[in-house]
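Next comes just one chain, in structure tokens: the form predicted on its own.
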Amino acid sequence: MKRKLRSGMSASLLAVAACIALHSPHSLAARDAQTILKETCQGCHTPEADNALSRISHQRKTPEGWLMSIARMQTMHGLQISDDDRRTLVKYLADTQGLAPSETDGVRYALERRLNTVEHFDDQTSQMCGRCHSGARVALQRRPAQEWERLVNFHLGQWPSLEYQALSRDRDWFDMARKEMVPLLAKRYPLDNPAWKKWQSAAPKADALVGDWSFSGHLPGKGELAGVMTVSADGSDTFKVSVKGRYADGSPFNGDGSAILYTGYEWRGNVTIDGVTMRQVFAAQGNAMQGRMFEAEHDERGLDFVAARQGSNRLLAVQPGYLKAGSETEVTLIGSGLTGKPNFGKGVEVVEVVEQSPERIKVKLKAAANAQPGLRAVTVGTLKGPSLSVYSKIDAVKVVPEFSVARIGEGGGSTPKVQGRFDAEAWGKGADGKPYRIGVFPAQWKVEAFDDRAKEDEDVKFAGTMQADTGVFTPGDAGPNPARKMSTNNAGNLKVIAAVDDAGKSLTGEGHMIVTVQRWNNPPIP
């Protein structure tokens, strides 16, 4: 039997409510942060000098990190706090004890819900921390040595069986954590960092983000898109958002919503696109935004997003980003302040300018039959941006992501399925013989048994279905399946195979996908 929280809300429902709260503007009726700290938090956190509170004042985190801390106080310690007060507190703590942009570099994939990212940390961090949660969760917080040690103690106190689990029982985990990991983490992720102080003094005002933004994106299984996002002020650090765009195939990408800015650059939005609620997790600095949009109920269904404020000068994207030697095609440049003649490098001729505006230039290109394969720098006047790939033939195909996890779901339960979504990347060889990425190509998709055991268990039959023309894999239903041996569930171990046609020649690439059980514990930072 599941225990109920004192508030009467289940852990999963609390997580959903907390995530919605993070992406929603706060109510004007909420108490101010200092009152909440004094009247709600001070019962457990001791006042210290300079208006500090024990534990709280000795940490810095992202908005998601502070949200998780408050949610843990609710689930584990019976904290009673309203949604409005929680929003206010997260906003205050993220603004005053957050991370500088440079402190999130390299680990934003966790905030952006890129859950098939393969992390690369040192062996010690991977083994001591990364076996239970992402290494990014550690890298997205800052503490002094004493607080890192308290976090170690908390882990062992909260999960006393920890030392008996894999990668702990074969070593003196607690001793290593205190004596080796604490100094390492305190040095690598210190509370006091000049980058944070510099950002606090130089962070721009939120109204600098008001205006029209040209954007481009890519959604696996669907393709490239572009459009304009209009941002209007709706209070202090809060905005109304309108999105008007379309995919390369002409289908619309339109919607409206709201957003809130944390820490001077952490943009979090809720936008309903064609009836589907999507989260926005962007880093917004100066005249640029970059991050990911993903469905609220299916974070695997997400698109890369990059934007430039109209009136600035930036070339964002070349769509499509490749051209075959000896052929003609239409290419669209997306950006802001696009004035002047576009140039695509040696061996590529602009046959016709079909359409031109400061945000969008569509041209017809022709590549010479003898054009050297490789990357070409693309310029518009004095602007430089993404490159154009010129190729004579495809040398190899790669499945992206190379390794992924999909999850069974539904089947009478409330937990949704988690799809696998893939792209087929074509690669060529340059004149120097070195490989270079050509771009994402249409492909025909299928799955096969990864090994003999998967073949024997008929994983291809039971684990789910691959859409042949999109690279979207939908797992099977959750729960026991009487049709399988021993009535086991619909998990599986599969190869993902993409076949790309290059002038009548089929080239294939392979990836690996594990189809596993539901994701019961799904915090904002995995």
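Residue indices: 1-based, along the sequence shown. Worth saying up front: this structure is predicted, and the values here are computed from it rather than measured.
A second form of this protein, the form predicted in complex with heme C, is not displayed here; the remarks below concern that form.
Remark: residue 133 counts among the residues lining heme C in the predicted complex, judged by a heavy atom distance of 4.5 Å or less. Of the heavy atoms in residue 59, some are within 4.5 Å of heme C in the predicted complex. Within this chain, residue 55 lines the site of heme C in the predicted complex, having a heavy atom no more than 4.5 Å away. In the predicted complex, no heavy atom of residue 240 sits within 4.5 Å of heme C. Only one segment in the set 122-130, 313-321, 384-392, 420-428 has any non-hydrogen atom within 4.5 angstroms of heme C in the predicted complex, and it is 122-130. Taking 244, 114, 360, 72 one by one, only a single residue has any non-hydrogen atom within 4.5 Å of heme C in the predicted complex, and it is 72. Checked against heme C in the predicted complex, the candidates 197, 434, 77, 169 yield a single residue with a heavy atom inside 4.5 Å, and that residue is 77. Although heme C is omitted here, in the predicted complex all of 45, 148 and 152 have a heavy atom within 4.5 Å of it.
Shown without its partner, the chain has 79, 81, 89, 93 in segment 78-112 as residues with a non-hydrogen atom within 4.5 angstroms of heme C in the predicted complex.
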